[in-house]
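In structure tokens, one chain follows: the form predicted alone.
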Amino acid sequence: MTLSPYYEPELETLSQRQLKALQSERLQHIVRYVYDNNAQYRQRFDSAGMEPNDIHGIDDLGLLPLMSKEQLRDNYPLGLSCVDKKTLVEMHMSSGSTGVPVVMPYTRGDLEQWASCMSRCYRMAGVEPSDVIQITPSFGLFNGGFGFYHGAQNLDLFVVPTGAGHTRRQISLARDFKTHALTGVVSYATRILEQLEATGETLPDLKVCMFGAEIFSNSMKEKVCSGLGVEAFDIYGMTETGGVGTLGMDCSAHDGLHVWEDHYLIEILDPKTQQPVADGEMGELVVTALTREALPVIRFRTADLTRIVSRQPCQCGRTHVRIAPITGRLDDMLIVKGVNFFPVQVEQALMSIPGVRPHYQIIIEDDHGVKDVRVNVEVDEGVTGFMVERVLKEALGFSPKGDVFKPGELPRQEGKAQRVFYSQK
């Protein structure tokens, strides 16, 4: 019997008309739900001069006030929860740059919703029941490991819960248990690839990688796919939406990330005017959770930059809107010598050079308010600093300082790689 490529075929292939009707119904419900069950939401809506009865459908979404991480941090730990604490069964959180983290609590229903979204992602990647899946994100306060685990349990997958680090052991377990799918961050996959190349080993049973939690370029993705002999998928989700996979993933067509529109209503807004941009134009992703119970975010500003790729049915048969992979975050933008750029642009340029390794550093140097940038990168023999500088100048519009290093000379991180560093004189 041929396995269906869908986990929930009826919902994943709804027409746009059906999706909009479902979204309108769920939007009305969730607005009334948070208003009735949380004083903070009620105060924010009242201050904006609106009440739930003003929302008749998705066309009224703009009447609702926008929210950001500040509201979540200001209400730490559970000030925005809409349920009694006795009904909570799990929590995860992201580290807070201000010292105050963002907490996401879960009811049993929220975990089921998360598992359902993840199951769609697994099925979209061609993962089948009993396939061996190796989960390399940590099992802790960060949601990554648990998100992949909840979905895997839901699909009866064979889970190898390695967590982060111990690269040699990761490789041994993948070989011994014949891992079919590897989950984690793309930068950690480069560590595994580096180890395999050093020893001449291969992982012949590995066919699929699912990468999330960090922005990466197409060039980096191609290097990893070629080196490991896998098909890689870009999975998307964040703490505020309920975790990895909740928002969606790209399919085998790799023509944009499918957003699970029956669970999440998205907008692409101009970051300055906060007005919608036309399809195809870059803007900030704003998300409204339609089916979460404990803490549904309403018009949450993600700071992620993307664009609508298509609202037409995909060749995979799914009908949910597709967005471009995240190209940067508003708070990640770097400004040096009057030029605005994102770290992923540096990566894309570096990975386009034959012989450049996927290990690099972007160092922002601040000399009494005067900023400069240094790019250090590992290269194979024959690649010169002049070659790297020329490509970066063409990509960025100026020539950063920097040095080339032999493979293995730059520091490594076992999990998510740190790419940008700051140096102040």
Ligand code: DLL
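Bear in mind the structure is a predicted one, so any value in this text is a computation, not a measurement. Throughout, we count residues from 1 along the sequence that is shown.
Not on display, but discussed next: the form predicted together with the ligand.
- Proximity of Tyr236, Thr239 and Asp304 to the ligand in the predicted complex is complete: all three residues have a non-hydrogen atom within 4.5 angstroms.
- Comment: the ligand is not present in this chain, but in the predicted complex one of Leu155, Val336, Ile326, Cys314 has a heavy atom within 4.5 Å of it, namely Ile326.
- Only one of Asp131, Glu284, Glu347, Glu214 comes within 4.5 Å of the ligand in the predicted complex through a heavy atom, and that residue is Glu214.
- Proximity of Val244 to the ligand in the predicted complex: non-hydrogen atoms within 4.5 Å are present.
- At the 4.5 Å threshold, heavy atoms of Trp260 stay clear of the ligand in the predicted complex, well away from it.
- Among residues of the shown chain, Thr136 is not one whose heavy atoms approach the ligand to within 4.5 Å in the predicted complex.
- The ligand is not drawn, but in the predicted complex it has a heavy atom within 4.5 Å of Ser94.
- With the partner left out here, the ligand still marks one of 187 to 195, 77 to 85, 286 to 294, 139 to 147 in the predicted complex; by a 4.5 Å heavy atom cut-off that stretch is 139 to 147.
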